[in-house]
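Have a look below at one chain only, the form predicted on its own, in C-alpha coordinates format.
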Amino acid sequence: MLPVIWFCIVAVMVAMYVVLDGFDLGAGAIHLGVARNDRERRMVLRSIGPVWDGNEVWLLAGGGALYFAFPALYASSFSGFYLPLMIVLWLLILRGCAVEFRSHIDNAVWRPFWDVVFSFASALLAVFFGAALGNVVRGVPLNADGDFFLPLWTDFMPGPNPGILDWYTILIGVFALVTLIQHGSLWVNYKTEGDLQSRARRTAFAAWMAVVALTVVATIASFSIQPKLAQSFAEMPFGYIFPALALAGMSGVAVFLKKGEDLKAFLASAIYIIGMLTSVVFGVFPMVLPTVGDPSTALTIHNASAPEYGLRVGLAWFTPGIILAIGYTTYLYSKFAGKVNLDDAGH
(Lines give C-alpha, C1' and ligand atoms only; values in the text may rest on other atoms or scores of the structure.)
Protein backbone atom coordinates (compact mmCIF):
# COMPACT_ATOMS: atom_id res chain seq x y z
CA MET A 1 0.00 0.00 0.00
CA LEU A 2 2.79 2.45 0.89
CA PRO A 3 4.47 2.19 -2.55
CA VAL A 4 1.09 3.03 -4.12
CA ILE A 5 0.72 6.06 -1.84
CA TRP A 6 4.20 7.31 -2.70
CA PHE A 7 3.58 6.67 -6.40
CA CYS A 8 0.53 8.93 -6.16
CA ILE A 9 2.48 11.55 -4.18
CA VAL A 10 5.23 11.72 -6.80
CA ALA A 11 2.65 11.87 -9.60
CA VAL A 12 0.79 14.73 -7.90
CA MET A 13 3.97 16.74 -7.34
CA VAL A 14 5.08 16.24 -10.94
CA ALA A 15 1.62 17.37 -12.11
CA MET A 16 1.84 20.42 -9.83
CA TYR A 17 5.21 21.29 -11.30
CA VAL A 18 3.98 20.98 -14.88
CA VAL A 19 0.87 23.08 -14.18
CA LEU A 20 2.72 25.81 -12.27
CA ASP A 21 6.13 26.01 -13.94
CA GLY A 22 4.50 25.02 -17.24
CA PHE A 23 2.80 28.39 -17.69
CA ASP A 24 6.02 30.35 -17.17
CA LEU A 25 7.84 28.02 -19.58
CA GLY A 26 5.05 28.70 -22.06
CA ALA A 27 5.21 32.44 -21.39
CA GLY A 28 8.94 32.28 -22.06
CA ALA A 29 8.42 30.37 -25.30
CA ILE A 30 6.09 33.08 -26.65
CA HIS A 31 8.13 35.94 -25.16
CA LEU A 32 9.62 37.05 -28.48
CA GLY A 33 6.36 36.58 -30.37
CA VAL A 34 3.64 38.27 -28.36
CA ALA A 35 5.75 41.10 -26.95
CA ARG A 36 6.75 43.68 -29.59
CA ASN A 37 8.82 46.14 -27.54
CA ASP A 38 10.82 46.38 -24.34
CA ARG A 39 7.85 47.50 -22.27
CA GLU A 40 5.73 44.52 -23.36
CA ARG A 41 8.60 42.11 -22.75
CA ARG A 42 8.94 43.51 -19.26
CA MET A 43 5.21 42.93 -18.81
CA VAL A 44 5.56 39.26 -19.78
CA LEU A 45 8.44 38.90 -17.35
CA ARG A 46 6.52 40.78 -14.67
CA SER A 47 3.59 38.37 -15.06
CA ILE A 48 5.81 35.45 -14.01
CA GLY A 49 8.52 37.27 -12.07
CA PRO A 50 7.11 36.86 -8.53
CA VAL A 51 6.29 33.16 -8.96
CA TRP A 52 8.64 31.47 -11.42
CA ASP A 53 11.30 30.45 -8.90
CA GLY A 54 8.63 29.39 -6.39
CA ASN A 55 7.09 27.16 -9.06
CA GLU A 56 10.35 25.23 -9.32
CA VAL A 57 10.05 24.25 -5.66
CA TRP A 58 7.69 21.54 -6.93
CA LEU A 59 10.42 20.20 -9.23
CA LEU A 60 12.81 19.94 -6.30
CA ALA A 61 10.13 18.40 -4.09
CA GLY A 62 9.17 15.87 -6.77
CA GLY A 63 12.80 14.94 -7.38
CA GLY A 64 13.40 14.57 -3.65
CA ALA A 65 10.34 12.37 -3.21
CA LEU A 66 11.39 10.27 -6.19
CA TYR A 67 14.88 9.80 -4.74
CA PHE A 68 13.47 8.87 -1.35
CA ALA A 69 10.59 6.61 -2.34
CA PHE A 70 11.95 4.94 -5.50
CA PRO A 71 15.75 4.97 -5.26
CA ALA A 72 16.19 2.27 -7.92
CA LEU A 73 14.23 4.38 -10.42
CA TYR A 74 16.20 7.48 -9.48
CA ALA A 75 19.55 5.70 -9.89
CA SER A 76 18.59 4.05 -13.17
CA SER A 77 17.04 7.09 -14.84
CA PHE A 78 19.69 9.57 -13.73
CA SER A 79 22.47 7.39 -15.14
CA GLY A 80 20.64 6.34 -18.32
CA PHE A 81 19.39 9.87 -19.07
CA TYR A 82 22.64 11.56 -18.04
CA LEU A 83 23.13 13.58 -21.25
CA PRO A 84 19.61 15.03 -21.55
CA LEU A 85 19.53 15.76 -17.81
CA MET A 86 22.73 17.79 -18.18
CA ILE A 87 21.12 19.66 -21.08
CA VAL A 88 18.04 20.34 -18.96
CA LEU A 89 20.24 21.58 -16.11
CA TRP A 90 22.02 24.03 -18.40
CA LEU A 91 18.73 25.24 -19.85
CA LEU A 92 17.36 25.86 -16.35
CA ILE A 93 20.52 27.80 -15.48
CA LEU A 94 20.39 29.89 -18.66
CA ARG A 95 16.70 30.61 -18.17
CA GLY A 96 17.20 31.73 -14.59
CA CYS A 97 20.15 33.92 -15.61
CA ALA A 98 18.06 35.51 -18.36
CA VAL A 99 15.23 36.42 -15.97
CA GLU A 100 17.59 37.85 -13.34
CA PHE A 101 20.23 39.52 -15.53
CA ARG A 102 18.10 41.10 -18.26
CA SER A 103 17.23 44.33 -16.50
CA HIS A 104 20.60 44.97 -14.85
CA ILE A 105 22.06 46.85 -17.83
CA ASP A 106 20.10 49.18 -20.12
CA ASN A 107 21.87 48.35 -23.37
CA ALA A 108 20.72 47.78 -26.97
CA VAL A 109 22.55 44.42 -27.09
CA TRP A 110 22.28 43.19 -23.50
CA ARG A 111 18.49 43.03 -23.16
CA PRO A 112 17.73 41.48 -26.59
CA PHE A 113 20.42 38.86 -25.98
CA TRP A 114 18.85 37.71 -22.73
CA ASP A 115 15.37 37.87 -24.29
CA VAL A 116 16.51 35.35 -26.92
CA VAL A 117 18.15 33.15 -24.27
CA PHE A 118 15.01 33.22 -22.13
CA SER A 119 12.69 32.36 -25.00
CA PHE A 120 14.76 29.57 -26.53
CA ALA A 121 15.70 28.01 -23.16
CA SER A 122 12.02 27.97 -22.17
CA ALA A 123 10.95 26.37 -25.46
CA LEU A 124 13.72 23.75 -25.40
CA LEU A 125 12.90 22.86 -21.78
CA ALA A 126 9.30 22.17 -22.79
CA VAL A 127 10.49 19.95 -25.65
CA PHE A 128 12.97 18.03 -23.49
CA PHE A 129 10.44 17.49 -20.70
CA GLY A 130 7.97 16.21 -23.27
CA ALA A 131 10.58 13.91 -24.83
CA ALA A 132 11.35 12.58 -21.34
CA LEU A 133 7.69 11.73 -20.86
CA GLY A 134 7.73 10.03 -24.26
CA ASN A 135 10.68 7.89 -23.16
CA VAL A 136 8.81 6.84 -20.02
CA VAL A 137 5.72 5.83 -22.02
CA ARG A 138 7.71 4.04 -24.75
CA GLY A 139 10.12 2.33 -22.38
CA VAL A 140 13.90 1.98 -22.28
CA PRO A 141 16.22 -1.04 -22.77
CA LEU A 142 16.57 -2.08 -19.12
CA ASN A 143 18.83 -5.00 -18.30
CA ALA A 144 18.42 -7.51 -15.47
CA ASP A 145 20.07 -5.08 -13.02
CA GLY A 146 17.67 -2.28 -13.92
CA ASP A 147 20.34 -0.30 -15.80
CA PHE A 148 20.26 1.17 -19.28
CA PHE A 149 22.06 3.59 -21.54
CA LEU A 150 20.52 5.59 -24.36
CA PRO A 151 22.35 7.63 -27.01
CA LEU A 152 20.74 10.91 -27.96
CA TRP A 153 19.43 9.23 -31.14
CA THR A 154 19.96 6.15 -33.30
CA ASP A 155 17.71 5.70 -36.35
CA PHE A 156 14.80 7.77 -34.93
CA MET A 157 12.68 4.61 -34.73
CA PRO A 158 11.24 3.05 -31.55
CA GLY A 159 12.38 -0.51 -31.10
CA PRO A 160 14.76 -2.71 -29.13
CA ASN A 161 17.63 -0.21 -29.51
CA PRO A 162 16.03 3.24 -29.36
CA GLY A 163 17.63 6.59 -28.75
CA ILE A 164 16.36 9.31 -26.46
CA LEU A 165 15.01 11.00 -29.58
CA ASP A 166 12.92 9.07 -32.09
CA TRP A 167 9.81 9.99 -34.03
CA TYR A 168 7.57 9.20 -31.06
CA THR A 169 9.51 11.10 -28.37
CA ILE A 170 9.95 14.07 -30.74
CA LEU A 171 6.18 14.02 -31.32
CA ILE A 172 5.55 14.10 -27.56
CA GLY A 173 8.17 16.84 -27.19
CA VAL A 174 6.41 19.01 -29.78
CA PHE A 175 3.07 18.18 -28.15
CA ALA A 176 4.41 19.33 -24.78
CA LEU A 177 5.72 22.56 -26.30
CA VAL A 178 2.39 23.40 -27.93
CA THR A 179 0.49 22.52 -24.75
CA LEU A 180 2.68 24.79 -22.63
CA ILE A 181 2.48 27.57 -25.22
CA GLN A 182 -1.30 27.38 -24.82
CA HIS A 183 -0.92 27.35 -21.03
CA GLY A 184 1.55 30.26 -20.99
CA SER A 185 -0.48 32.32 -23.47
CA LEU A 186 -3.55 31.94 -21.28
CA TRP A 187 -1.55 33.11 -18.27
CA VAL A 188 -0.23 36.19 -20.09
CA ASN A 189 -3.76 36.84 -21.37
CA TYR A 190 -5.05 36.69 -17.79
CA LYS A 191 -2.32 38.89 -16.30
CA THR A 192 -2.00 41.66 -18.91
CA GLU A 193 -4.10 44.22 -20.78
CA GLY A 194 -4.19 46.02 -24.11
CA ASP A 195 -2.46 44.90 -27.28
CA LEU A 196 -0.25 42.42 -25.43
CA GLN A 197 -3.30 40.69 -24.00
CA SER A 198 -4.97 40.58 -27.43
CA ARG A 199 -1.94 38.94 -29.03
CA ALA A 200 -1.67 36.48 -26.16
CA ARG A 201 -5.34 35.57 -26.58
CA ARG A 202 -4.90 34.96 -30.31
CA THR A 203 -1.81 32.86 -29.63
CA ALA A 204 -3.70 30.83 -27.04
CA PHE A 205 -6.53 30.07 -29.45
CA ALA A 206 -4.12 29.07 -32.25
CA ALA A 207 -2.23 26.86 -29.79
CA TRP A 208 -5.53 25.34 -28.63
CA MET A 209 -6.33 24.20 -32.17
CA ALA A 210 -2.89 22.61 -32.44
CA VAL A 211 -3.35 20.96 -29.02
CA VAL A 212 -6.64 19.39 -30.15
CA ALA A 213 -5.01 17.89 -33.25
CA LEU A 214 -1.89 16.72 -31.42
CA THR A 215 -3.93 15.20 -28.60
CA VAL A 216 -5.55 12.87 -31.13
CA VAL A 217 -2.27 12.05 -32.88
CA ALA A 218 -0.28 11.58 -29.66
CA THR A 219 -2.99 9.39 -28.11
CA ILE A 220 -3.12 7.07 -31.12
CA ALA A 221 0.69 6.91 -31.24
CA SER A 222 0.98 6.22 -27.50
CA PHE A 223 -1.49 3.33 -27.58
CA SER A 224 0.35 1.81 -30.53
CA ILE A 225 3.78 2.21 -28.89
CA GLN A 226 2.84 1.06 -25.35
CA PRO A 227 0.33 -1.86 -25.19
CA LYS A 228 0.10 -1.48 -21.38
CA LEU A 229 -2.04 1.63 -21.85
CA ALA A 230 -4.89 -0.24 -23.54
CA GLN A 231 -4.55 -3.09 -21.05
CA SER A 232 -4.87 -0.78 -18.05
CA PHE A 233 -7.99 0.98 -19.33
CA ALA A 234 -9.56 -2.36 -20.34
CA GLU A 235 -8.93 -3.93 -16.92
CA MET A 236 -9.89 -0.84 -14.88
CA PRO A 237 -12.57 1.14 -16.75
CA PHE A 238 -12.84 3.69 -13.94
CA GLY A 239 -9.58 5.08 -15.33
CA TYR A 240 -11.49 6.73 -18.15
CA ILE A 241 -12.24 9.51 -15.68
CA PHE A 242 -8.74 10.85 -16.35
CA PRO A 243 -9.02 11.32 -20.14
CA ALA A 244 -12.56 12.62 -19.53
CA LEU A 245 -11.00 15.26 -17.25
CA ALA A 246 -8.57 16.19 -20.02
CA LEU A 247 -11.42 16.43 -22.55
CA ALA A 248 -13.40 18.66 -20.20
CA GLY A 249 -10.40 20.93 -19.70
CA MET A 250 -9.74 21.12 -23.44
CA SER A 251 -13.34 22.09 -24.12
CA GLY A 252 -13.32 24.59 -21.28
CA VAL A 253 -10.35 26.47 -22.76
CA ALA A 254 -12.25 27.22 -25.96
CA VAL A 255 -15.54 28.05 -24.21
CA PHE A 256 -14.03 30.41 -21.65
CA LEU A 257 -11.72 32.06 -24.18
CA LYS A 258 -14.70 32.98 -26.33
CA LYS A 259 -16.56 34.33 -23.30
CA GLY A 260 -13.55 36.37 -22.21
CA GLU A 261 -13.38 34.61 -18.84
CA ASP A 262 -9.59 34.59 -18.72
CA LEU A 263 -8.96 33.00 -15.34
CA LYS A 264 -11.40 30.17 -16.04
CA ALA A 265 -9.72 29.55 -19.41
CA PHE A 266 -6.34 29.27 -17.69
CA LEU A 267 -7.71 26.93 -15.02
CA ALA A 268 -9.32 24.81 -17.75
CA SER A 269 -5.88 24.49 -19.35
CA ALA A 270 -4.51 23.34 -15.99
CA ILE A 271 -7.28 20.73 -15.77
CA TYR A 272 -6.42 19.52 -19.28
CA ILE A 273 -2.75 19.08 -18.33
CA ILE A 274 -3.64 17.24 -15.13
CA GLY A 275 -6.03 14.99 -17.02
CA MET A 276 -3.44 14.08 -19.64
CA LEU A 277 -0.68 13.41 -17.10
CA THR A 278 -2.89 11.31 -14.84
CA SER A 279 -4.03 9.33 -17.91
CA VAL A 280 -0.40 8.44 -18.61
CA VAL A 281 0.31 7.60 -14.97
CA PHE A 282 -2.78 5.38 -14.79
CA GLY A 283 -1.93 3.73 -18.09
CA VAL A 284 1.58 2.58 -17.11
CA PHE A 285 0.77 1.74 -13.46
CA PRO A 286 2.27 -0.18 -11.64
CA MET A 287 5.35 0.43 -13.78
CA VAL A 288 7.45 3.49 -13.05
CA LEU A 289 9.81 2.84 -15.96
CA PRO A 290 8.68 0.43 -18.70
CA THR A 291 11.14 -1.58 -20.75
CA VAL A 292 11.34 -2.23 -24.48
CA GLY A 293 12.78 -5.70 -23.82
CA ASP A 294 11.92 -8.44 -21.35
CA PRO A 295 8.85 -7.25 -19.37
CA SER A 296 10.29 -8.78 -16.21
CA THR A 297 13.07 -6.15 -16.19
CA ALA A 298 10.65 -3.21 -15.99
CA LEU A 299 10.88 -1.07 -12.86
CA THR A 300 7.65 -1.08 -10.88
CA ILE A 301 6.44 0.42 -7.63
CA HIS A 302 7.35 -2.89 -6.00
CA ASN A 303 10.90 -3.57 -7.18
CA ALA A 304 11.99 0.10 -7.29
CA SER A 305 10.65 1.34 -3.95
CA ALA A 306 12.47 1.88 -0.68
CA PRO A 307 11.88 -0.45 2.31
CA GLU A 308 8.46 -0.17 3.93
CA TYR A 309 9.79 1.23 7.20
CA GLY A 310 11.51 4.09 5.39
CA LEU A 311 8.36 4.85 3.39
CA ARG A 312 6.31 4.96 6.57
CA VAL A 313 8.69 7.31 8.40
CA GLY A 314 9.06 9.46 5.29
CA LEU A 315 5.31 9.84 5.04
CA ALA A 316 5.20 11.25 8.57
CA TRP A 317 7.83 13.87 7.68
CA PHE A 318 6.35 14.55 4.26
CA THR A 319 2.95 15.61 5.61
CA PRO A 320 4.01 18.83 7.40
CA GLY A 321 6.41 19.61 4.54
CA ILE A 322 3.71 19.45 1.88
CA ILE A 323 1.39 21.55 4.03
CA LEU A 324 4.08 24.25 4.17
CA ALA A 325 4.62 24.05 0.41
CA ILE A 326 0.89 24.37 -0.32
CA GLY A 327 0.58 27.25 2.14
CA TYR A 328 3.54 29.05 0.57
CA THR A 329 2.17 28.58 -2.95
CA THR A 330 -1.30 29.75 -1.91
CA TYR A 331 0.11 32.87 -0.23
CA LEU A 332 2.35 33.66 -3.20
CA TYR A 333 -0.45 33.56 -5.75
CA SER A 334 -2.90 35.46 -3.57
CA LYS A 335 -0.27 38.14 -2.84
CA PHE A 336 0.40 38.77 -6.53
CA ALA A 337 -3.12 38.27 -7.88
CA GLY A 338 -4.56 40.58 -10.52
CA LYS A 339 -3.17 42.39 -13.53
CA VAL A 340 0.50 43.32 -13.67
CA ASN A 341 1.87 46.82 -14.24
CA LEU A 342 5.23 48.58 -14.47
CA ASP A 343 4.58 51.26 -11.87
CA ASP A 344 7.29 49.98 -9.53
CA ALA A 345 10.83 48.73 -10.08
CA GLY A 346 11.42 45.24 -11.34
CA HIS A 347 11.58 43.24 -14.54
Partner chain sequence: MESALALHRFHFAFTITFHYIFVQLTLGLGFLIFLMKILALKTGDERWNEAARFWSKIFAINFALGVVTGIPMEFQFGTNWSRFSKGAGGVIGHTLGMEGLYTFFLESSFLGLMLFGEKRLGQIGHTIATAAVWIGSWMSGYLIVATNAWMQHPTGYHLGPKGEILLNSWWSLVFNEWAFWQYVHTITGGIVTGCFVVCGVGAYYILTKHHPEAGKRFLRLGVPAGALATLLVAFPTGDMQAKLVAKHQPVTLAAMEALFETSKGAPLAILGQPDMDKKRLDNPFIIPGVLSFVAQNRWTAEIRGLNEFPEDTWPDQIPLLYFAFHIMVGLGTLFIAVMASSAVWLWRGKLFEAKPLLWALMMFLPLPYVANTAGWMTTELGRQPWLIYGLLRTAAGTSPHVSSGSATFTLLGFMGMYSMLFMLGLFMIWRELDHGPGTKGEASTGY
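Please read all numbers here as calculations on a predicted model, not as lab measurements. Numbering follows the first chain given and starts at 1.
Keep in mind the form predicted in complex with the partner chain is missing from the figure; the text below concerns it.
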Which of 186-194, 94-102, 236-244, 172-180 lies within 4.5 Å of the partner chain in the model of the complex, heavy atoms considered? The stretch 94-102
Give me the residue from 223, 110, 167, 153 that has a heavy atom within 4.5 Å of the partner chain in the model of the complex. 110
With the partner chain left out of view, choose which of 161, 251, 79, 198 has a non-hydrogen atom within 4.5 angstroms of it in the model of the complex. 79
Taking heavy atoms and a 4.5 Å cut-off, does residue 292 contact the partner chain in the model of the complex? no
How about residue 58: is it within 4.5 Å of the partner chain in the model of the complex, going by heavy atoms? yes
Using the partner position in the model of the complex, report whether residue 260 sits within 4.5 Å of the partner chain, counting heavy atoms only. no
Spell out, yes or no, whether the shortest heavy atom distance between residue 32 and the partner chain in the model of the complex is within 4.5 Å. no
Taking the partner chain in the model of the complex and a 4.5 Å non-hydrogen atom cutoff, the residues of 45-60 making contact are 45, 46, 49, 50, 52, 53, 54, 56, 57, 58, 59, 60
